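First, one chain by itself: the form predicted on its own, in structure tokens.
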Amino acid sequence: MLKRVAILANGGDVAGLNPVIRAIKRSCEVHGIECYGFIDGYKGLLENKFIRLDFNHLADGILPKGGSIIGSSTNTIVFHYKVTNPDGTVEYKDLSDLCVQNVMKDGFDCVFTLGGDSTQKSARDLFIKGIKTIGVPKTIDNDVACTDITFGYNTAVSVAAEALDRLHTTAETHHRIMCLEVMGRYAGWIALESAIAGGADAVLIPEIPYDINKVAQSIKRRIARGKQFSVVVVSEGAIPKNGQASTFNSDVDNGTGITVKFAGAGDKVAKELEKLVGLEARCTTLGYMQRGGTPTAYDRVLSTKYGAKAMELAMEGKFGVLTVIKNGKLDYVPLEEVVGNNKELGAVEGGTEDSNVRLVTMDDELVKTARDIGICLGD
């Protein structure tokens, strides 16, 4: 019998976090279960900071609200946590046992983990150590394994498509090549779907190493047909053939020791196309615009379905699982399947070669559709 549950949101904010929190909270109210929220994700779990959510006016009216009312933390890996010693030295420690102690002491019967690949990896690891976890797949990249779609993705695609509508008018007016860089480090779902929705002429995704000359040739063919402009969507993780993704080393170490960031892919493509084609080229990087703001109606419904399903699983005693949508229907899979080959307990990060992230495959209908309507994929 469930008595007390807790929610944590981890990783980057997305539109839809609050609707998931709301759905879990309201389900708890219906069934007489106390509902709490850890503040700032796994960091709150580690520091044992939480607030009560059920019948709390602070948690009312959050369905259309972006972000997370309980905050979130990025790259907080409790198995590899940055600690500054009294003498100023820095080391990384496994503090997961403290998290287990906090949950046991607080009497939480289940912890719902709202997040992507890395978040669910930690959820699996904590489940092994004794915390009853249920994951809910969150990321605008849409790359969580075992589910057809993650919440937050639809809103991100909608924002990108609207940006493309606006860039089209500038491109056509000034006879330019307009590049739009969107998020997607390893998976090109946002780039691909927004390119189709926004009428782009080319799209470059991480799964298909691109030949910039092929893109230039496709634009030249448009010019020959009287189209003196083009619009190109570039995923931040796009990789040129025989090259590498555009990254930089950040001075900011936010707790994992990982400082490599993705940036500059769109600018790189714009500069190269300007030289090869002869048209002026500009790049717009959407960045955090894709993650913030009001969720679409689709994401509100999807998030609510995910939250309600998560509570249903908890009441059935099904833990160590991820809520998913398969073939349009709500379901669940063991977190072991989500982790894939990244089995090592307390691995520093997700998104590794062993991770089971969901990538665009060449037989996907979106790829076929893009090719059928003449969008250049750079190959």
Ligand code: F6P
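The numbering used is simple: start at 1 and walk along the sequence shown. Remember, predicted model here, so these are calculated numbers, not experimental data.
Unshown form predicted in complex with this ligand; subsequent notes refer to it.
The partner is absent here; in the predicted bound form, the one residue of 183, 103, 219, 281 having a heavy atom within 4.5 Å of this ligand is 183. A single residue from the set 247, 74, 296, 170 has any heavy atom within 4.5 angstroms of this ligand in the predicted bound form; that residue is 74. In the predicted bound form, this ligand stays beyond 4.5 Å of every heavy atom belonging to residue 202. At the 4.5 Å threshold, heavy atoms of residue 124 stay clear of this ligand in the predicted bound form, well away from it. Residue contact check for residue 140: one or more of its heavy atoms lie within 4.5 Å of this ligand in the predicted bound form. Looking at residue 309, you'd find every heavy atom of it more than 4.5 angstroms from this ligand in the predicted bound form. Partner contacts here mean any heavy atom within 4.5 Å of this ligand in the predicted bound form, and among 82 to 90, 226 to 234, 284 to 292, 129 to 137 they occur only in 284 to 292.
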